[in-house]
Ligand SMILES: Cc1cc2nc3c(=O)[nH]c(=O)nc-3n(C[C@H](O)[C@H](O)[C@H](O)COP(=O)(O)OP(=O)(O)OC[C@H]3O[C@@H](n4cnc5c(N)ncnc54)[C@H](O)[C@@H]3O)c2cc1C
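Here we start with a single chain on its own, the form predicted alone, put down as structure tokens.
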């Protein structure tokens, strides 16, 4: 196995162009598990831990541009007030040691349907910044996932950052697992409310071949919420919203849970998240 360790971003892009099959690694919380279990044997590893730019974040044109190497711990500590939904999801990732190493960039690169950070990014309509020697492009996170553990990256590209609007209103994230910590989600759900534009965003995790949106649920609830008077949501409306979220899922039976259980759990998570978020609004 070849080990590549660039010191600058330009070096990293040049190495990726010369070695398109190289597997990028930063925190290594996904890649090293696959290697250790012999599920994967990359021909070469591209170590990005020395790239300063990947650990930076800041405002860009009204959005937050967050480097792919910013860890979950830093997201919680430094951006929890601006991105509460993503911070909630980050708190459910593994152990403190994993949160100190793992990154949302790695979650995006792995493109696992169970990635905890991905539903909040869907709910917030984030963008992924991809870079290569040929240039930089931005892909909506809603178009980024193309299949189970597959994404829209080209072979010569690396994830530079993701861009997301600071929360315009309340956000929520909830997850069901077989225990309280150190667990892969049986299913998860994220919600973002934008009172100014009267919009609701959703994200579903671990209940389909990719992270998913519940578009019909979004359209329904946007027309049902009392945006002016902020009256509480009725039980019937909550139930309908939960049902539409469950119908948007495409789950399977596996060792963590059945498809029927995932749909049931998502309906419950959706009702709770909406109730909590709207109460905060």
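Numbering follows the first chain given and starts at 1. The structure displayed is predicted, hence computed values, not measured ones.
One more form of this protein exists, namely the form predicted in complex with the named molecule; it is left out here, but the text below deals with it.
Visitor: Looking at the named molecule in the predicted complex, do all three of 73, 169 and 280 come within 4.5 Å of it through at least one heavy atom?
Guide: So, no: the whole triplet misses the named molecule.
Visitor: Within 4.5 Å of the named molecule in the predicted complex, counting heavy atoms only, one of 132-140, 76-84, 200-208, 176-184 shows up; tell me which.
Guide: Only one stretch qualifies here: 176-184.
Visitor: Find the only residue in 217, 66, 48, 212 having a heavy atom within 4.5 Å of the named molecule in the predicted complex.
Guide: Of the candidates 217, 66, 48, 212, 48 is the one lying within 4.5 Å of the named molecule in the predicted complex.
Visitor: Determine whether any heavy atom of residue 40 comes within 4.5 Å of a heavy atom of the named molecule in the predicted complex, and answer yes or no.
Guide: Yes.
Visitor: Please tell me whether any heavy atom belonging to residue 15 falls inside 4.5 Å of a heavy atom of the named molecule, as the geometry stands in the predicted complex.
Guide: So residue 15 does not count as contacting the named molecule.
Visitor: With heavy atoms only and a cut-off of 4.5 Å, decide whether residue 126 touches the named molecule in the predicted complex.
Guide: No, residue 126 sits far enough from the named molecule in the predicted complex that none of its heavy atoms falls within 4.5 Å.
Visitor: Spell out, yes or no, whether the shortest heavy atom distance between residue 152 and the named molecule in the predicted complex is within 4.5 Å.
Guide: No, residue 152 is distant from the partner.
Visitor: Only counting heavy atoms and a 4.5 Å limit, does any residue of 86-101 reach the named molecule in the predicted complex, and if so which ones?
Guide: Counting only heavy atoms within 4.5 Å of the named molecule in the predicted complex, the contacting residues of 86-101 are 92, 93, 94, 98, 101.
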